[in-house]
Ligand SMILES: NC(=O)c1ccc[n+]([C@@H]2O[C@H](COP(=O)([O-])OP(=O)(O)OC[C@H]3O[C@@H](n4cnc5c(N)ncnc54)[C@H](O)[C@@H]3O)[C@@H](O)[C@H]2O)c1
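Here's a solo chain for you in structure tokens, the form predicted on its own.
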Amino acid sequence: MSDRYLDFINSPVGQMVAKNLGLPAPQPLERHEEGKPVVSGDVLLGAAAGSDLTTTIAGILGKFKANVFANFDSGVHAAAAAANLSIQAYAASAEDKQKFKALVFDASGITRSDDLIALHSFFSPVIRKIAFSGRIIVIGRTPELLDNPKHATAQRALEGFVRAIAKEVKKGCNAQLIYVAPGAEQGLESSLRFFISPKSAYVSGQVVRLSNTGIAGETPDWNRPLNGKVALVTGASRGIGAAIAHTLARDGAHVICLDVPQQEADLHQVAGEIGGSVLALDITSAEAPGRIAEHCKNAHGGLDIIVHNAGVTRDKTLANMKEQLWNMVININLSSEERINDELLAQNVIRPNGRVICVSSISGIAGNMGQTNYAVSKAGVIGLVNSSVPALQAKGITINAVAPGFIETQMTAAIPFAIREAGRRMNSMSQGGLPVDVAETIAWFANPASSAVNNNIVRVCGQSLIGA
């Protein structure tokens, strides 16, 4: 369903109305297009004094040929030279017309609260110079892993900065924080590529932790990173599931499209469009885990990626909710995922450097009136991610989840008008997301270079104003 307000407010008449009445003026988001560079515009790279990730960051920017600038006195030039990155000097002034598509800041050298002034020194002179659909990326060290309490305190403070600046920039821009654990430096590339690119259009104000998982990552063909991989997507017949299937196939995977037999016609259509295959079954049936494991082994020799996307809502206030509706939602959205994972692990179906990816919801983080069953199931999905890490990591497998906010689907199109408009506008981008926004985030998790991305819950919600 199209967002008529977004279309109107970006017309000449709509822009005038918005200005005169002080209405929200959401900017159409720039999304990924085939053949476009990772970042279409100039990048300003900065670093706090004593930061130790700058050379790694510069090397990554050089790999995708970003046009990089740095302040004269930032210390970035020496780090860039060590990474063989050609870099241009820049001195901000109110008069210059320079625009930056991305502002990237290495904050790993911030070791005490006094050092936080480095954020102001770098960002304040240039924040107005960020282009439409620009990116702000702060990179630091994981606070929980630091021995010095003052260092940990200062690094934890970065979260407040990123969440606040993400609400200030507007213009379709976003901001993210990436914490890098010791030993996880070489796992930064896939995350930096994702967050600096248009693929992260509807992700904002998020904190991602890169871990030293001990899982051997791979260096992919970045244009087709999933070449040779086999992915299973549940609930793939329409909406977000269909978008996930298309996106993983675009990245080179063979996608097994799974949904209930009643959706088999739509399932075959999706699979036909992407050159995938079909597995029609009810994931809540007793035989489903065994059938899935058997199919993946017999037809494909194993599985590299499973995306637990299938889910339902059956909304009622708790006082009016029948036990049947409670059980249905918990069984489909949560318990079936546990059973399928258990069977796949027991039969060693998921190959090394495999991915388990779950779809939670902002309702599982913030709750929602009339959705106690749904909120329980989606909070449980987050619990499933957190609790499964040790067993999966021991087998060389990562597990993560997305938590979508308001996404434009058939389901949200059926929501009453006033509630639908509130859902669209109550985020930093003042608009709903698209199914492809969820799919792009899942493709980043699925990337074989994302082995350092483990036990993360990333909200795809335009930085919703509801919840954490």
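One rule holds for the numbers: they count along the sequence shown, beginning at 1. Only a predicted model underlies this, so the values are computations on that prediction, with no experimental measurement involved.
What comes next is about the form predicted together with the ligand, which is not displayed.
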- Query: in the predicted bound form, does each residue in the set Gly239, Ile283 and Thr409 place a non-hydrogen atom within 4.5 angstroms of the ligand?
  - Reply: yes
- Proximity to the ligand in the predicted bound form (heavy atom, within 4.5 Å), stretch among 230-238, 269-277, 249-257, 211-219: 230-238
- Query: Ok, Ala181, Val376, Leu392, Ala310: which has a heavy atom sitting within 4.5 Å of the ligand in the predicted bound form?
  - Reply: Ala310
- With the ligand left out of view, which of Thr398, Ser108, Gln176, Ser360 would have a heavy atom within 4.5 Å of it in the predicted bound form? Ser360
- Indicate whether the ligand has at least one heavy atom within 4.5 Å of a heavy atom of Gln263 in the predicted bound form. yes
- Query: With the cut-off set at 4.5 Å between non-hydrogen atoms, does Ile332 touch the ligand in the predicted bound form?
  - Reply: yes
- Item | Contact test in the predicted bound form: Gly405 vs the ligand, heavy atoms, 4.5 Å | yes
